[in-house]
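Encoded as structure tokens, the following chain is the form predicted on its own, with no partner shown.
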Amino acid sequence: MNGRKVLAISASPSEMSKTVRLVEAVLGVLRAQGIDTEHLVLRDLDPAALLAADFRVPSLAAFRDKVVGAHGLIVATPIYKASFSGLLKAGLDALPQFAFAGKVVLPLATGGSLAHVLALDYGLRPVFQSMGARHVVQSHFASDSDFPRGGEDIVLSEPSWAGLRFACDNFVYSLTDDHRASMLGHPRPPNVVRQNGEAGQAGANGTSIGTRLA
């Protein structure tokens, strides 16, 4: 898996939230397989620049470039009121229309109970598809009861995390050079180009996902 880069994007409310712990457990598995990983937390970005999609701000420009340069993306969010977080919505809206083109995406979410599980497939998956993702693997939702008490690390070898291990396996397989993996999802649209680093700046005038070309 040399040369493969995976960027994890989390809309985490705090440094040690369940969402962060879930992402770090997955990244640990990927690192053990030699995959280059990075964890980007949206709350660390300049909030005014994020809402205005102002890519003149270095942190936001770096966010865009890291997304475009990744082979795979892990997108993780807490679920509030049956939907993904507003912070994640702002982050996705700021990106170019086809920022996910040609990429494999693993959606992850955390929430109080399984009542929110459908938010992943009904809320997030259509957004990823609209952004050109090649393949969106099976998502995974972790409820509060899934996490060990006292803030201990998640151990994916435990039986209770079998579903997350399966999602990780599918994600890793989809990152490979296996010719069958290349047929999954959508290829990168041939007419998508980036011009002079201006991709995604349309968000500043109020346009949203689905209306911008990179």
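Quick note: we count residues from 1 along the sequence shown, nothing fancier. Here the structure is a predicted model, which means the values were calculated and not measured.
Although it is not shown, the form predicted in complex with a small molecule is what the next lines describe.
Using a 4.5 angstroms limit between non-hydrogen atoms, residue 82 touches the small molecule in the model of the complex. Remark: residue 116 counts among the residues lining the small molecule in the model of the complex, judged by a heavy atom distance of 4.5 Å or less.
Contact annotation for residue 126: none of its heavy atoms lies within 4.5 Å of the small molecule in the model of the complex. Of the heavy atoms in residue 78, some are within 4.5 Å of the small molecule in the model of the complex. Think of it this way: in the model of the complex, the small molecule has a heavy atom of just one of 72, 132, 111, 91 within 4.5 Å, and the residue is 111.
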